[in-house]
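Form predicted alone, single chain, as structure tokens, below.
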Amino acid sequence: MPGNVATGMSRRGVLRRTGLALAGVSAASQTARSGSASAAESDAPPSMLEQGAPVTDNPYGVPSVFEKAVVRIPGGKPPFPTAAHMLTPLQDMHGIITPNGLHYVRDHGGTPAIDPDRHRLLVHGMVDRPLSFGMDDLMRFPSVSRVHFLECSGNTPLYKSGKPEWSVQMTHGLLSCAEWTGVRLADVLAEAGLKPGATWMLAEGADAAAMTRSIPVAKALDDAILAYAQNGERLRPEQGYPLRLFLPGYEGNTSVKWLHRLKLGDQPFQTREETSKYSSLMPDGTARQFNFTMEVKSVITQPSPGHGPRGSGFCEITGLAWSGHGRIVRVEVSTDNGATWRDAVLQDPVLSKCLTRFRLPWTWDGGAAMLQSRATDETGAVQPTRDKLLAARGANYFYHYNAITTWRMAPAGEMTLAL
């Protein structure tokens, strides 16, 4: 056959190679399979003996009842009742896409109920033509869809301490990834016409907190999206319905939800959220502002606290890596607290400013282990150790923690966070 001639692989060679692969799978699953009855000997499962539930009982699809534990959880007591942050159960996720119902939430003044037919986006300031857009007006622009992560700048609060029992959800749960659909902000700004010297843009949300951030116009013209849909459906209210700004790779608070105003200017607007909030104290006493880009980072999601192996033997190590600077090009995994490292496989797709799934086959001998992952992005940036990060930023820093995370595995398989 032409295909076999081109590759130099005979039919017998294909079968031999397939047989070896299946033998490997068989060896890896031997423990799970031992003692089980053959398919011919087993009885038909109960689900084959009765009709299932009608689909119309759930006009909007819901997960299996057996997945009821896979839910978001609060990240702690909010400062007041309408503020909230809900954490994504990353340890239970597969692939890279976060379902809309599990996407993390961070808001400052509750979730507003906004009628899309009455919502307007005002573009004014240093523009040639101040404009006001309704949702129908915006949706006439050519649409784009891109897959990107979104991470709160306060994700992974481990500068000072952490609790051993913290799971991946507690340490990294202010992180999600979705397909975002909307219009290019550059196209909308072109309609208004930027005046010379317009280098900053104020983005303001229509929530009770009036969330506002100053954004460089260079970013707005690069890859910013005015998003109205997420994972194929219109934004949910908690994600900014009917319109949000989305800035790939930037800290989550800059992707302002319930967006209703963009004001162009020649300097930052010095709002509350970039002076008293979302600025970081350096060791010399100065404050660092406008820490936009999320740095290279990774975490092992399986095995992890609450999700340790049930016995020694084969155990695939898997997790997520990401960077606001672009693509992930390498992830290394250590099982001995960084003494030695092995390259993990990056699972397709590997996209810019997007979660990347990594995998590494591992055989656990049943003894103590210390699991770590270390990511490198396309700029050459390498995820630092905690000691190196603290030396650079000090213990009073709070945001943008991206140090290597260590999971301690006890001989019994119990796993805890190690600092």
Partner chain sequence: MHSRIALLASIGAIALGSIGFGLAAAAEPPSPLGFGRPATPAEIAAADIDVRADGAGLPPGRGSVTDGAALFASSCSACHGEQGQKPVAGSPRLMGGLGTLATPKPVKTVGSYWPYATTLFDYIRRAMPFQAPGSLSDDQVYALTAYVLRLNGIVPDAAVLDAATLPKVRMPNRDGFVRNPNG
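Source: prediction; values computed, not measured. Positions refer to the first chain, counted from 1.
Heads up, the form predicted together with the partner chain isn't pictured, but that's what we're talking about next.
- The stretch among 263-271, 96-104, 344-352, 297-305 whose residues place heavy atoms within 4.5 Å of the partner chain in the predicted bound form is 263-271.
- The candidate spot formed by A69, F246 and A369 is out of contact with the partner chain in the predicted bound form: none of the three has a heavy atom within 4.5 Å.
- A heavy atom within 4.5 Å of the partner chain in the predicted bound form is found for one listed residue only; from T293, T318, S334, S153, this is T293.
- Residue in contact with the partner chain in the predicted bound form (any heavy atom within 4.5 Å), chosen from L131, V147, A229, M170: L131.
- Using a 4.5 Å cutoff between non-hydrogen atoms, R330 does not count as a contact of the partner chain in the predicted bound form.
- In the predicted bound form, F141 approaches the partner chain with a heavy atom inside 4.5 Å.
- In the predicted bound form, the partner chain sits within 4.5 Å of a heavy atom of P216.
- In the predicted bound form, the partner chain sits beyond 4.5 Å of every heavy atom of R310.
- Along 149-176, a non-hydrogen atom within 4.5 Å of the partner chain in the predicted bound form is carried only by K160.
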